[in-house]
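Here's a solo chain for you in structure tokens, the form predicted on its own.
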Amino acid sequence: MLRRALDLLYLGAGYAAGIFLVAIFAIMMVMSVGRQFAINIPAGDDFASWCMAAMAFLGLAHTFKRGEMIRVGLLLERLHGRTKQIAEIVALGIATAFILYFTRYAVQMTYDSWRFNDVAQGVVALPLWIPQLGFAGGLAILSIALIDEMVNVVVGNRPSYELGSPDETPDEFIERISQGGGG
């Protein structure tokens, strides 16, 4: 049940990132085409940039868990067995520590914006904590995904972000990549 809830959380964050991507497209198209018809979105650039930040950060956990995030696996791919598992745990531990650090300060910044009633300096005086939720929320969900993955590897399972089989040949890898699979 917990596994299903976590997978739904990552998927939901991925869909939210997609919605923000569509919102960026809509805002930019209305601003571009709207010039021809004297239509303007007040603070459209601000809204597009806030959507961009939300899209980028909300998509991190889903991208990570699907194995589509860029990783430097040159060393890890050469290791096998227990050595590889320990190296994966160390790498996930370092990544988790960094992301938890950033998450703590992102959440603190969002909370402070709410507490001090900070508002945007642009045309629309939107409370800043609203657009900051995507940033802080995306990092929090990524933190959960990293901890989830570390637990998964510690108990001896294969990382979910590893695509392909361990016995995959270079030709099979190239074929999988050419078909749209992640690296």
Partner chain sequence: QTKWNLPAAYPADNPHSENLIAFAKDVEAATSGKLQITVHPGASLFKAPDIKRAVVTGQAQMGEVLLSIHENEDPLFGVDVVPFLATSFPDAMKLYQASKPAIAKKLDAQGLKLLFVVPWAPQGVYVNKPLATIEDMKGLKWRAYNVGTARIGELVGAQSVTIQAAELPQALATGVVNSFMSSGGTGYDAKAWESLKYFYDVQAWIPKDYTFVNKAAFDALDKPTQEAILKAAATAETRGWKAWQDKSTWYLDQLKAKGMNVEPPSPALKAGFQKIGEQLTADWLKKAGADGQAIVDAYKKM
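Since the model is a prediction, treat every value here as computed from it, not as a measurement. Positions refer to the first chain, counted from 1.
Another form exists, predicted in complex with its partner chain; not displayed. Remarks below refer to it.
Touches its partner chain in the model of the complex: Asn157 (any heavy atom, 4.5 Å): Asn157: no, not in contact with its partner chain in the model of the complex.
is_contact(Ala125, its partner chain) in the model of the complex, heavy atom dist at most 4.5 Å: Yes, Ala125 sits close enough to its partner chain in the model of the complex that at least one of its heavy atoms falls within 4.5 Å.
In the model of the complex, Ile144 touching its partner chain (heavy atom, 4.5 Å): Ile144 lies outside the contact set for its partner chain.
Contacts with its partner chain in the model of the complex - residues in 101-116 whose heavy atoms fall within 4.5 Å: Contacts from 101-116: Met109, Asp112, Ser113, Phe116.
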